[in-house]
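Coming up are structure 1 and structure 2: the same protein chain in two forms, each one given alone as structure tokens.
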Structure 1
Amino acid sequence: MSELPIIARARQHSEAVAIRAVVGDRRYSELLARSAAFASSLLRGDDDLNEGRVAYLVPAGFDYVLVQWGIWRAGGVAVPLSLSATGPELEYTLTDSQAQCVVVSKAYGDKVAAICKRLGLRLTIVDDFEPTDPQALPTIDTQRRAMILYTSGTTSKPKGVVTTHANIQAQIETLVEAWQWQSTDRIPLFLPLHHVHGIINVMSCALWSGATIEPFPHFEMDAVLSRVADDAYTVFMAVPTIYVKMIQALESMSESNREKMVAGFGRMRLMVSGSAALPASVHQQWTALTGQKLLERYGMTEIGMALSNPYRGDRRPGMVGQPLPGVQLRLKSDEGKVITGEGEPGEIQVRGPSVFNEYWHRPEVTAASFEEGWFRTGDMAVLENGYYRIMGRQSVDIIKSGGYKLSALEIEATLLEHPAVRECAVVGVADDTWGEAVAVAIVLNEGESLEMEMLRSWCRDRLSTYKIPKHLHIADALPRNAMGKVTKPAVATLF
């Protein structure tokens, strides 16, 4: 019987350590056995979940993988939830994905219990799961849907990006080949596990290769740095904000401590940056501190990774390199012309097996995001001396902060629910640490007043931390277009 490729690969490494943790190492053989048992418990006697959506709120670790693999092996679609999501955000994802049940770690049970009750969803606590005799598991065609990841964009609410098992396999294989993943690799996993960067680039590439993951519930600077000094890792992947924060930390510690950390970084075989632009100055500072030349790459939830600096060869600061194996990429000018030469900017469009299947139950939005079979990323780039450089996004409504993609429209819609707010415009302002920080200009209702801290505390139950405005400007009026609709004020005039 043919198995899902990631499961078949795991059998080749069954005695290797998949997850390293203080509480004990876990081998691939345990992941295989426990995920089969968990799949059986999800099936509850049925033959196949037939692409039913199973959402889960589980921190990085052995349980996360067994739940994800269990869903896949039972024929379900995995919908990972954000650990930092608020109640309304979780409820939206569960409703939009039409999840049939939710799996949680005990520590997160309270976060979803009331929502599950209201929506009539079955709630399973993964810690309480007792394996019984596994039943026969279905054969899963790789063209079937495997995962839905929610991504913000130019629509007010996040959209579900559906990938098939074949898409996921293509996204993994291109990176395993290009970055020469090996079974001897060891990598820390501290990025959120409801996005491609953490799920595919770190976790799935490592597990595909028989390598070892060391999970953290989130980026814990001191713990990670101390393990770096122990030579715990061969590969490291992070967003630019994390490199900026690590530079600040290294520069402010004692020289003897810094030497130990820097030596650990210097010995790694690969350090990667992505999810947002890595300023050339940060790239250069990192090399000056550690001797490591960061490999910057470019990707997107809908396509996995598309462009990468070379594993062997010149890694150029400020550039994202060339298309990865199997990825077809073109630039399209504003006038609709395919750009063939250097120096002319255009929108990045991508085609190939790693490109997603569809936006979940949004066929019109899916159709509009493709042109002649090419996915329109909305990112602008230019080719210079054989390497691509990202120039920015076409839409001002998309903000990248700490590596998270945020929709200005979603934040505006929430802020408009505040009783003091008559009109508002959310923009991203340049920020040395976060890349961009969320800023808002607000016109108040008659007789109302509002201060930053009041607004932030009001937002806390409604928006994840990274979506909450860092800057507030009270405006007398906002600019309007010819149709009378509020438009974005020029950032420079406000913040």
Structure 2
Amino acid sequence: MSELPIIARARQHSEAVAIRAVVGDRRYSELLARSAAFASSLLRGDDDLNEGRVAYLVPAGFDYVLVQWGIWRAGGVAVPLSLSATGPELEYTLTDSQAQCVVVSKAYGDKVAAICKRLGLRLTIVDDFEPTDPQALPTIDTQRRAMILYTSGTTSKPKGVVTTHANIQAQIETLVEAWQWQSTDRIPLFLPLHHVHGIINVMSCALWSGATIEPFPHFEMDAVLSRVADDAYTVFMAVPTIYVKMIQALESMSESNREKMVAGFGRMRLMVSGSAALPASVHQQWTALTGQKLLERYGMTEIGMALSNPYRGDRRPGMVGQPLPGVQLRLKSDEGKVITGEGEPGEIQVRGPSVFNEYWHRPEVTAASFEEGWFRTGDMAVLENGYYRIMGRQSVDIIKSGGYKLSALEIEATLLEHPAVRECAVVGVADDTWGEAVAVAIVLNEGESLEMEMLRSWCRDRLSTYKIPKHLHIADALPRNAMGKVTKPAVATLF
């Protein structure tokens, strides 16, 4: 019987440790056996789930993988749920995906029990699962639907992004090749497991390669840094917010403790930043502190990863590199022209085997999102000296002021270099003269103060005149989503 590629590859690493945790190591052989038994429990005597949707609310760890693999091996479509989602958000996802069953860890049972009862959905507690001899499992074609991930829904209701097993395989294989994943790799996993960053870049690439994952329920600074000092990891992936917090933690430590942590980071073979723009200043701070040059990349739910700085070669701060293996990418101007040279901004459009299949039950939206087979990402970028630089979302991060297209991300990166600024978010606000004027919300470092004219004076040496903020708001904190990104539409309401 032919198997899904990720299952077949796991057999090659049968006795290797897949999941390392305080409660004990779990090997690939255990994942294979228990996921087969779990698949049988989902089938309940049927031959195939035939792409029935199975939602699950399970924290990172052995149970998460056995549930995901069990759904796939039974022929179902996996719908991972956010551990931090509210009741209405969970109900929306379950209803929109037309889930037939919900799998949950006992600790999260109360979050979904009433919803499942109201919707008439079968609820399975994975902690209570008792494996029995598995039945014959269906043969799954890689072109079948495998997973539905929901977009953040910042501008409309979240959409279900459908990927096939072939899409997922392509997303994994391009990163395994580009970042040279190895069976000897060890990586912590503290990123949310309802996003591609955690599911594909960390978990699936590691399991594809026979590597070892050490899961955490969330980012636990002290625990993670302690393990770094023990040389527990060879690969590390995080969002920019986490790198900022680790810089602050390391700089506040005693010299002896800091030396241990810095040495642990320095010995890793790869450290990656993603899910939000990494300010060049943070990139440079991290290198100065640890000797590690962070690898920044670009991707999204619909396409997996598309661009990456090189594993071997020049990793440029503020840049996201070049197309990954198997990824075709082009820039398209507002006027509909394919951009062939450097220095001209355009929308990123992508095609290739990693690009998603469809938006769940939204054929019109799916059709509108493609142009001649190219997926329209809605993100703007520019090619500079052979590397792409992300300018931001067309709808949020691009400010059209006085005929210029300004990148909010670029202005933010500059402002973060100011000694008084801890965090900032730049947005465009309506202006009768300019169309849009640059506005900024700033969180100050402790004990600092900042006035508009002081900020303008500082910016004059660093920014073109039309990029200098015309509005300033000092905030205690900036609203962020689960991935640490500032939610800019919310910031815009501050002005």
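These numbers come from a predicted model, not from an experiment. For clarity, a rigid core is taken as the largest C-alpha set superposing within 1.5 Å between two forms. Start at 1 and count along the sequence of structure 1; that gives the residue numbers used here.
Undergrad: These are two forms of one chain. I'd like to know which is the form predicted alone.
TA: Structure 2.
Undergrad: Align both forms on the core first, then report whether residue 178 has a C-alpha shift of 2 Å or more between the two structures.
TA: No, its C-alpha moves less than 2 Å.
Undergrad: Relative to the superposed rigid core, does the CA atom of residue 335 travel 2 Å or more between the two structures?
TA: Not so; residue 335 is displaced by less than 2 Å.
Undergrad: How many degrees of rotation separate the smaller rigid part's two orientations between the two structures when the larger part is superposed on C-alpha atoms?
TA: Domain rotation angle comes out at 138 degrees.
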